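Next up: a single chain in structure tokens, the form predicted on its own.
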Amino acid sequence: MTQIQPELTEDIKKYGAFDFTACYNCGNCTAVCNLTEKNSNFPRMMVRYSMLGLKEEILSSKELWMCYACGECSDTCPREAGPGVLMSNLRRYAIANYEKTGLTRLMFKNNPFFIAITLILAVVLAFFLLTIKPDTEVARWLFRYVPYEVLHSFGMGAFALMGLSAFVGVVVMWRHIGKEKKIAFTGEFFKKAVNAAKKVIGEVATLKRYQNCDSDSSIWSKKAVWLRPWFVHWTIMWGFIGLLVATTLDFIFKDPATTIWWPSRILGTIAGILMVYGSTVALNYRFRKITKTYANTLMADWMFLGFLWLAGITGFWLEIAVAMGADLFINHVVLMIHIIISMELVILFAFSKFAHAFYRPLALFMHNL
């Protein structure tokens, strides 16, 4: 049975939402949205759920993840209720509820805690990386003070926690979204599932739905393609994926650490350019507060984009240092910074805004199915 929870409204606002209670249900936000479909009526529906305190309806909604936060609904809202901003913050709220350790909830709502936990985890996990290849100069220095076994065990535990939290989060989301549908695993179901998966892969690869946000009335329709939000998002996403693949290949095939393995270097360079470009433009939009969506940026958003940008810049620094054979102290410092930032992005994957990378595809899959 659906339960109305009036206190939910105030709880949602703690995730950074505007005064969405100013909404008088005119429906303008849904009318101007190019992504709304007959069976996915948002953001108006999500505003009503939030005002009525319908928590279960929010957590079981696929529509919450259909939105790409272009911000046009917020910019044209006659009551300045920020429906697009609410959609972004409801996704944070949903991530915090799908993730069961409570870390996500604290990190989104408590900035000092967020800063403290990210720094502590990042440093420890960066040291853990050195235990994988203990023959480096920095690793030998480190193991004089902290036993190898301690760092390795702690690092393995942290990665296991991240993986387990991500898995549990996906299961919880699946149960919320699919609880009212009885799935019969027949041949017809698997055929539909394959088609749904193909659509999701196509969307992830091209962000075709996101491109539909650039309507004639949108401020983005007047800008070059490479400045539009969908392209900026695309460069960040594929830049990160490319760097992750390049780093994995580099770690497996490059030995000793000073040699250059060209396939991973070329892939890493291209991916790094994409990620630095995308994160630079995204940060610029937030500094300039170009729309209400970009103006409503939480500490978690700033740190996520900032870390992506720093990971790319320090990566290029190290690439140049290796190419020039410059074995300087400053390069070891940059290496440590690069490792710390990269490990933080990985370990906080399930506990931060980054988690939408697996929640959104799952919601799209269920929607297509």
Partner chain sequence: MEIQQETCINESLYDVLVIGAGIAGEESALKLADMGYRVLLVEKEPSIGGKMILLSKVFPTLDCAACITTPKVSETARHPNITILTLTEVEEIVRDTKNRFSVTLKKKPRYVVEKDCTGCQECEKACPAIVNDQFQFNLTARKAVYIPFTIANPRVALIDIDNCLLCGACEKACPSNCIDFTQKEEQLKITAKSVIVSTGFKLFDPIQIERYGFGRYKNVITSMQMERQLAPTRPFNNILRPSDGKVPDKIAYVFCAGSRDHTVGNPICSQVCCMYSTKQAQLLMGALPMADVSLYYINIRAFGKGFDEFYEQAKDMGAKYVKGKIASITEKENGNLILRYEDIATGKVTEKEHDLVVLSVGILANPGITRVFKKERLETDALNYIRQTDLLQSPAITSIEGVFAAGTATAPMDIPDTIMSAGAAATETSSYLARLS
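Please read these numbers as outputs of a predicted model, since none were measured by experiment. Positions refer to the first chain, counted from 1.
From this point on, the text means the form predicted in complex with its partner chain, which you will not see here.
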- Task: Name the stretch, out of 319-327, 334-342, 305-313, 27-35, where some heavy atom lies within 4.5 Å of its partner chain in the predicted bound form.
- Result: 27-35
- Note on the structure: If we test each of Asn110, Asn212, Thr76, Asn97 for a heavy atom within 4.5 Å of its partner chain in the predicted bound form, the one that passes is Thr76
- Applying a 4.5 Å heavy atom distance criterion, does Glu188 contact its partner chain in the predicted bound form? no
- Query: Does any heavy atom of Lys62 come within 4.5 Å of a heavy atom of its partner chain in the predicted bound form?
  - Reply: no
- Query: With the cut-off set at 4.5 Å between non-hydrogen atoms, does Lys55 touch its partner chain in the predicted bound form?
  - Reply: no
